[in-house]
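One chain is shown next in structure tokens, namely the form predicted on its own.
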């Protein structure tokens, strides 16, 4: 790889920008295509699938090497369900952060080896950044904590936004978000009640339903 291309790739990785390096098998010529540019590339459909499924591979006489930013999961609420979600998310390749201003909940004893933040979500989330490779779960049931996080997430490119609660809770939540100035179109991005409807009972099964819905959204876009 030429130095200029390598430097451009490193810049993209630092900026959490999804890119692909396309190498011609005969001759070895290379070019870099960002996800935003891929629709206009001759390999547009192939690149779309490659970015979506994190799949590098050979396509006729060109090799497509995908460099997606690492997946991130931001959990609002150091609660019991979070403890069940985290091991599954880590196994699936997510870099997990937990945010909860209630210091008694967000402790290293309850969440070992996880990035913990005891600031309020609207204080720390702008520093963490929310992008198209980030999922956010609002799990506290406390509007003072969840709503500011959802507001920021809905103004971002997060690929998945989920909020814990019943249908009644979700309706109240949507009404509050609308009062905050969010459009109906944006509010519909919130998956609530959170998780696929699989009849889940207990924290572990709810965590399974959440991870399943996150994965479907990541890979299939819905």
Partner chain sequence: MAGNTILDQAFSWLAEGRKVALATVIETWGSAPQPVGSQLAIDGEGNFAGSVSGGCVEGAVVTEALEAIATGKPKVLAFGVADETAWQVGLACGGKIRVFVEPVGL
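Positions refer to the first chain, counted from 1. Keep in mind the model is a prediction, meaning the values are calculated, not measured. Take the two forms, superpose them, and find the largest set of C-alpha atoms that agree within 1.5 Å; that set is the rigid core.
Keep in mind that the form predicted together with the partner chain is missing from the display, and what follows is about it.
- Residue contact with the partner chain in the predicted bound form: residue 65 places a heavy atom within 4.5 Å of it.
- At a distance threshold of 4.5 angstroms between non-hydrogen atoms, residue 56 is in contact with the partner chain in the predicted bound form.
- In the predicted bound form, no heavy atom of residue 16 sits within 4.5 Å of the partner chain.
- Interface membership of residue 9, defined by any non-hydrogen atom within 4.5 Å of the partner chain in the predicted bound form, is confirmed.
- Here the chain stands alone, but in the predicted bound form its contact with the partner chain, taken as any heavy atom within 4.5 Å, falls in 24-32 among 174-182, 37-45, 161-169, 24-32.
- Along 146-166, a non-hydrogen atom within 4.5 Å of the partner chain in the predicted bound form is carried by no residue at all.
- Residue displacement note: residue 28 has its CA displaced by at least 2 Å between the shown form and the other one (rigid core superposed).
- In the core-superposed comparison between the shown form and the other one, residue 178 has its Cα shifted by less than 2 Å.
- Cα of residue 53 to Cα of residue 91: at least 3 Å longer in the predicted bound form than in the shown structure.
- In the predicted bound form, the Cα atoms of residue 14 and residue 114 sit 3 Å or more nearer to each other than they do here.
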